[in-house]
Structures are given as structure tokens and as C-alpha cells.
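Before any questions on how it binds or moves, here is one chain, the form predicted alone, in C-alpha cells.
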């Protein structure tokens, strides 16, 4: 199957004409036709004839391709603006919205010659950790159709896991790339804040939102990141720091590296199978002469309250523009989860409560930054769980709002700080459900995280396993 190959292998094979872009795109659509009715991963599927015509045109010019992503089929979470293609953020508020311009990340991929196949299902506006809070029906986990795919980038994760495309672009505000990556057995990268432009992204919480790749492997994420990263004149928060050749650095040696294990992330509340699986992974790192150090991050317990005060405050402001007058449907189309977050945020920002809640949360955010600075001065990389449990049954989180928030307990503290985090597969439960772990580093240390993650994936084959869905 072509879709089992890495981006490097696909690019090489296309240039050597061992197979064609048209064949690769055709294989994607065959899998979409077989598996999407079961998974509900797509909101919009690009017309097959149009995509195949695009592929045939690119086949004619393959000898002149300069990017490894040339002719590679990809997917976009439906939070990115795409000119002439419906963009909904999984909400009926935008169910008929056709944008007039492209998000920067989408435009960069088009310029590289990649081929978009669809816009993916998600939690509406990014509000959720299961991709059930969507007006287009829940996304199902390809490893167990009775369970969720994770969120909010559940559609992209389910689609890559089941080989409907080569890679996808997700969005991570508090775990929305890493959570579904862990639950669907793929690799997902939450980048440093500002590493990739947010221009054309439908905002959840503007100071937390990050744009990042989701793929089968660390190597593929490296290939995508070096195309989409960099300064953007349309986004003042994007960084002008040089973009390394991540894919060329990925095999660089890691000498005298210290991997930190924060004890607070492995205490009560973490599923025993997940805990044991992640701690066992340290043996692989030790074989590569990486030193393991146990540390403490006592601020961990304040992650959720800080995130769920600042995040909803920003979303209450961002979603105020959807008034049903200039564009979009009426506000009654917002889901109950979105209404809940708007109300929490509006309350936290209101007169008399701003100092008591929002201002204190921002002060705690500063303490989080200091906490991560301290931890990453003792260690080069931190190893943590992604989720406290394996994928939950459909309906479990939506009927318990508190549990819905707790699904992000290990991923919400990195976004307020702005540090990068790489989620990679590290095993399965006794019931065959995927387990993921995350590697967290200092600002703009994506190259280091990718190198460490690649060391693990060269020594294991968890990331090569895919669900056996019947067509």
C-alpha cells in the first residue's frame, strides 16, 4: 500500500516514476470511500475528479518538483480558511461559509505542490477533547468504532490512522493535536507559539492556538514542519527565527541529553496501563545513552484552572463576531459546550470578577512559564503522558462536562507557556487501544524533540501499526 510509505519514500518513488501521483491520490479516495462512512472524519471531501485531474497535471511536472511534499495528498482540520471551499469550524453557525482567501498554512502547502483532499471534522470551534461536540456528528475511533477519536482534531487523526491521506494539519490550543494523535496511534506536533503562522485560522484562544502537523511518523512531521514554519507578514505573532531543515537534522546524534520525568504527571488519576507503558519507554532512551532524571513540577495541579479561565475568556471575545448579521447563522446554532465556554469567559472578564479570576489566572500563567523554565534548565526534554485514560466510549465525555475538561489535564499547561510538544505512539492497552506519550522541550526546540522522537521510532514499530478496518 502506497499510503504506508513515508513522505521521503513517496517523494523518491514519484521522482523515479515507480508510481504516479494519480495512483497515490486514487488510493486515498478508495480508502475514503471504504472507511469514512464508518468514521465520519470528513466534513467536506474535495471532488474526486478534480483531485485526480490535479494529480495528472502534477505528474507531468514531477521532474521539476523542488519540495518533498509535491504531489502528496493531505487534509486540513476545518478550522482553516480555504478560498472557494466551505469552511465551518464544525459549527452550523458557519455551515454555508465559503471564504474568499487562504490561510497561510494552506497556501504554503499549495505552493509546495501538495494536494488537498478534504476538510476534517472536529469539536466545534475547538471546544472539546473528543470530537463529539460537532454539528456534523461525532468522529469514531478507527481502533474501536464505539469510542471517540479524541479532539479537537479528531477527524484528521482518524483519517491518517486509517490511511485516507499522507498527512494532515491540525490545531492545538490545549492538546487538540496531541490528544487525538495519542488515541488514534499517530504522531502529532504542537509547535512553539509563533513557529507557524495562524493567519486564516479560526481562533479559539488566540494566545494559545498553534498550527501543526499530524502524520504517521516523526519523520513525516519534520518534512511538513519545514514547509509550513516561518515568519508571515500577515501574522504579527509569527516568529522571524530561522527555520531549520528539520528532516536533515532528525538523525543527528543526541549526546549527554537528559530526559526529565515530572513525578506530578504520573500520580493518581493516570491509567495504570498508560503509566507503565510510558515509563517502560525510558529503557529505549537509556539504550541510546539518554540520561533519565526524576524531577518535580508542583504547579501542575493549577494547569486546568488557568487554562479554563484564560481560554474561555479569549473565546468569548473571539466568538462575539459571529452575530448572524455580517455572515454566519444566528447564535442559537452554538452547541451547549460552546455556550458554556462563552459564558465562563464572559463571567471571568466581567466587571467585579476580572481581578478575582482572569487577572489571577494570568499571574499563574507567569508562574507556569517559570516552572517550565526551571524544569527545562535541569533537563533537555520532558517526558509526560498525553491523556489520563485510553479512548473513552462515545457519549461518556459529553454527558459529563468535568470529565470532558479533565481529558486535557496533561496537555493544557504547555500552551499557556508556548513550548513545543511532540506526541508519539508508545504501545497499546490489553484491549488493543492506542497509548501515546509526549516529549516537551524549550521554545523553538522542535528539532531536538523530533530527533528524540525519531530515536524512539527507529527502535520501535508502534507507529507503523494501523487499524484493520473492513471496507
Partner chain sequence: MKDKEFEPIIGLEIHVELKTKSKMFCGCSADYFSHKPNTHCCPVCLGLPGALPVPNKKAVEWCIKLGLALNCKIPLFSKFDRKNYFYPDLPKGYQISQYDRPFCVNGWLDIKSQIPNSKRIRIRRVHMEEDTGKLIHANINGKKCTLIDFNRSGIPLVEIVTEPDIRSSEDAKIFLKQLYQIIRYLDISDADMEKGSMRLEPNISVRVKSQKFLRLPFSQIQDKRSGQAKIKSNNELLDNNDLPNYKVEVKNINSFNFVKKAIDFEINRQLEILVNGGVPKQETRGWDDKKNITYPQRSKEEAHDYRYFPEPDIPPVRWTTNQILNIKDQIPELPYKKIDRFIRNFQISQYDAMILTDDIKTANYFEECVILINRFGKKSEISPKIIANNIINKKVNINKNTPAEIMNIIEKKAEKFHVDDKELEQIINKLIKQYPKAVKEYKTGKTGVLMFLIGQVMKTLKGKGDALVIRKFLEKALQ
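Quick caveat, the model's predicted, so the values are computed rather than measured. Numbering follows the first chain given and starts at 1.
Not pictured, yet referred to below: the form predicted together with its partner chain.
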| property | result |
| --- | --- |
| Interface segment, criterion being heavy atoms within 4.5 Å of its partner chain in the predicted complex, picked from 260-268, 281-289, 378-386, 350-358 | 350-358 |
| Heavy atom within 4.5 Å of its partner chain in the predicted complex - residue from 144, 314, 226, 371 | 314 |
| Selected contact from 246, 334, 193, 136, since only one has a non-hydrogen atom within 4.5 angstroms of its partner chain in the predicted complex | 193 |
| Residue 322, heavy atom within 4.5 angstroms of its partner chain in the predicted complex | yes |
| Any non-hydrogen atom of residue 97 within 4.5 angstroms of its partner chain in the predicted complex | yes |
| Exercise: residue 276 in contact with its partner chain in the predicted complex, heavy atom 4.5 Å | no |
| Interface membership of residue 396, its partner chain in the predicted complex, 4.5 Å heavy atom rule | no |
| Partner contacts in the predicted complex for 186-201 (non-hydrogen atom within 4.5 angstroms of its partner chain) | 193, 198, 199, 200, 201 |
